[in-house]
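We give structure tokens for two forms of one protein chain below, kept apart as structure 1 and structure 2.
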Structure 1
């Protein structure tokens, strides 16, 4: 037996032991206070952003709140599940099976390593590329200190050569944010695999998830990975340099956005008009049509026009 095999065997024995001592039926329930408080904080920040007219910040906070609410739903579901009568999986992998899984992982992944002191087991995936966007290899790191069914799986997905989305540096994969993967349709399969000690299935399912793109529900769409296109000049714009037209909500870059000279609204060029009399730029709401000559005029010019006798124009 090689040194690696000995290490993996010791890891397999330790992991199997965790199933025997797993505190799955201690009845302790923890409410998702942290996530709930985070929702409250985001709401306060959104209110503040709106009061100060920070449209961009408001938009980002709104997206973040939507993501946190999804997490809150998942956490509440986990609690709901843990309150139901506990049915320990009758089939939990033996030491031999777990060891077999670990050996198979060696053949399946570029790298496999174990940290028994911190009770983690990691694999390194091949570099992931989705629709031409390079995302690099990922480490799938499982904390096997508690694999009981009552707890949500404790694992991280860490980008090893990160190419995060331009819009959000914490998104390293369309379905990974802050090293946490949103499992989507794989959620139950992953939980079942872990609760039965099927580590090979767990790692291969997560790796498969990383190789698949669900365009219907990403944190950041791959089409926007390198930034969003400015609707005026076509340049790619990173999130921190992005302006949103307050009229049509398209993205414009810092060079292209224009404030309406009357109401200060941020606009793209499509939503602005030029006063036919003074040549000043205004948004559509600040322009009026002269009832007599049908020209589009700013309020000032219209007021001045109305002061003039009809015959003088």
Structure 2
């Protein structure tokens, strides 16, 4: 038996032992705060889009909110399941079967390593590229210190050559945020594989998720990977479609940017003002305060106003 095989056998024995001594759930519950806050952000952007009549942006935001709400429902369902009594539905894999899975992982992945001290088992995927977007290789790291079915999956998906989304550096894959993967329909399959000690199935399922793209429920869509958020409507803007406000240097999309009618400067909504006499829109630099009526006026309206000398009342 080679040194690698001996290491894997010891790992298999340790993992199997954890099923026998796995502690009961301690009752700790983590609420899906991150997903909830994202829902609130999208709702605020939708209200702004409706107020300003941005129908295209409103439609995009509605689709994104629908996908986030589905994720929120799944996370709440996980919490509900974690509060119920633990019931194992089938037998746990034997030491021999776990060892066989570890050997199979060596054949499936280029790199497999075990840290028995920290009770982790990791595999490294090949570099992932989806629809022309390079995302790099990922480490799927399983913490097998507690494999009880009552606990959420203790594994992370870590980008080893990260190319995160431009709008959110915590998103390293359309379905990975903060090293946690959105499992979608594979959620229960992953739970079952882990609860039964079927490690080969677990790692290959997660690796398969990383090789696929579900346009219906990404944290950041691949089409927006190199984009940034429009400061006005909140929509994601690809690099080639972004405009920069020449006053405050924020990013705006093609639907939101406005040229000042006086100086032709590209502006976002926050850097524009409306003349209180003719109702035309100008940038702040092209507006002046009338010394007589104190109103903000464009230069044309100001020229047609008889001003009092400076300092007079």
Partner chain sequence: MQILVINNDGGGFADYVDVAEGTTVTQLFQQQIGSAQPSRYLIRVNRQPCAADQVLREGDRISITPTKIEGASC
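Residue numbers count along the first chain shown, from 1. Superpose the two forms; the largest set of C-alphas matching within 1.5 Å is the rigid core. Just so you know, these numbers come straight off a predicted model, no measurement behind them.
- Of the two forms shown, structure 1 is the one predicted in complex with its partner chain.
- Core-superposed comparison between structure 1 and structure 2: the CA of residue 209 stays below a 2 Å shift.
- Core-superposed comparison between structure 1 and structure 2: the Cα of residue 75 travels 2 Å or more.
- After superposition on the rigid core, the Cα atom of residue 168 is displaced by less than 2 Å between structure 1 and structure 2.
- The two forms, fitted on their core, place the C-alpha of residue 253 6.2 Å apart, compared between structure 1 and structure 2.
- At residue 281, the distance the Cα travels between structure 1 and structure 2 is 2.8 Å after the core is superposed.
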